[in-house]
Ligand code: 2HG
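Only one chain is included here, represented as structure tokens and corresponding to the form predicted on its own.
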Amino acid sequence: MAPFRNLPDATVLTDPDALEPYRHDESHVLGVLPLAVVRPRGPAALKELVRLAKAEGFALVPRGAGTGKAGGCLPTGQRAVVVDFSAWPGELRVSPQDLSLSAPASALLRDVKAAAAAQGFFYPPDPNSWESCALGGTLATNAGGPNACKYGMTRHWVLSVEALLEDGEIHTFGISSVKANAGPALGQLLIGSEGIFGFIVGATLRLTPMPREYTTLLLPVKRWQDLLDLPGRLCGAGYLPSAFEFFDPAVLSELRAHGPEEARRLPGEAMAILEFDERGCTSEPFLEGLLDLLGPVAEGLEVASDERQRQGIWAVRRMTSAFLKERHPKKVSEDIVVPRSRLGEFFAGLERLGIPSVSYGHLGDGNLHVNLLAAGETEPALLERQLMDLFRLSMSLGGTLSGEHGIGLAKRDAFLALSDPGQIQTLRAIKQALDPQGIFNPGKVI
């Protein structure tokens, strides 16, 4: 406690019982017990923390709401202090004229989305944890979600960021406008960096008008393979869903056998949820054209007739991750990506590899949540081989080993082994330039 006795504008936790929860996030990774947890309430606390970290030789590990799935907010090594931003001050401010919203890192994403919606605007990023995750965590991990199919990842919606750097000061990168071309966009370097270059404390986000129409479809299919070319066919024909989610046969079997009542009635060998939000998507010509494109695949199609039915369809999708986690608490979920055009090749390759898994997620953008349900009972060396085979398969098809969860601790070894060496060398050079003493979230990503 001694180094933190005079820390201004902050709450400090040092009791081991209070520190224990900070060893965990929503991943399968376990961190070490930190020296302390600091909840800063202003810039003075951060400035002093940086000074102490350099002088005392401990690391600083950022944390939002702890909903990450890659271990990025967990302390490692022997001497680490967790910087919990849950008490960081700031207000949500919407600027209709600028189509922007400013918020502190501590703001919950649900409140960010609600503040935008209250004035008729839309902030699209919607990870599955959107009701409980903090904005800062979504920025640090470049979070995604179903809406990324049409609207892209978090980074596409960030105009500027405020970040703590190694000089102990908070700097602003970017402006609250869509056009800022005075040199490289350094703020984008911090989005998705998981706090290894500095800590994001606030941001200004881009907004768009709230969609006025939704068409939400539940699409069961008799043959699982019939889903796999559908994202490419839709996009090729000019239909861009705002979301295209899927459940493979194994996930559906789990839901039907053990899920809530509404899930036990789900039809089909496999199933998709499609949603469109463009103007005119509820019109007869739009639906007729869509049905013509779907052809025989649309035989069991159900269209939500009102908002209640729409929310009922989405409720099943939202609960899938929590349901599988409850049923298989030691499972490992990987969020790999393959191009839409190669989805069939991926699942054929997965079958050849014989990796026991179930899959669901964002078929519309090729971001697949591949779950190894038996990971907790699998011999560690075998599990490691299975995961590396999965990553190699996705990368061989032009994809990557993470679509939205990030690298953190969970995927660091695979990232270092499978990435272009030039990419790793560049990232390490940037890390050395921005954080020469290595105090910001060491041991993550690179």
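Just count from 1 along the sequence shown to find any residue number. As the structure is a computational prediction, the values presented were derived from the model and not from experiment.
Although not depicted, the form predicted together with the named molecule is the subject of the following passage.
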| property | result |
| --- | --- |
| Heavy atom contact within 4.5 Å of the named molecule in the model of the complex, the stretch among 273 to 281, 361 to 369, 113 to 121, 256 to 264 | 361 to 369 |
| In the model of the complex, the residue from H328, R317, R206, R340 that sits within 4.5 Å of the named molecule by heavy atoms | R317 |
| Selected contact from S321, S242, T216, S100, since only one has a non-hydrogen atom within 4.5 angstroms of the named molecule in the model of the complex | S321 |
| The named molecule contact in the model of the complex: S357, any heavy atom under 4.5 Å | no |
| N128 within 4.5 Å of the named molecule in the model of the complex, heavy atoms | yes |
| Residues within 4.5 Å of the named molecule in the model of the complex, restricted to 398 to 432 and counted by heavy atom | E404, H405 |
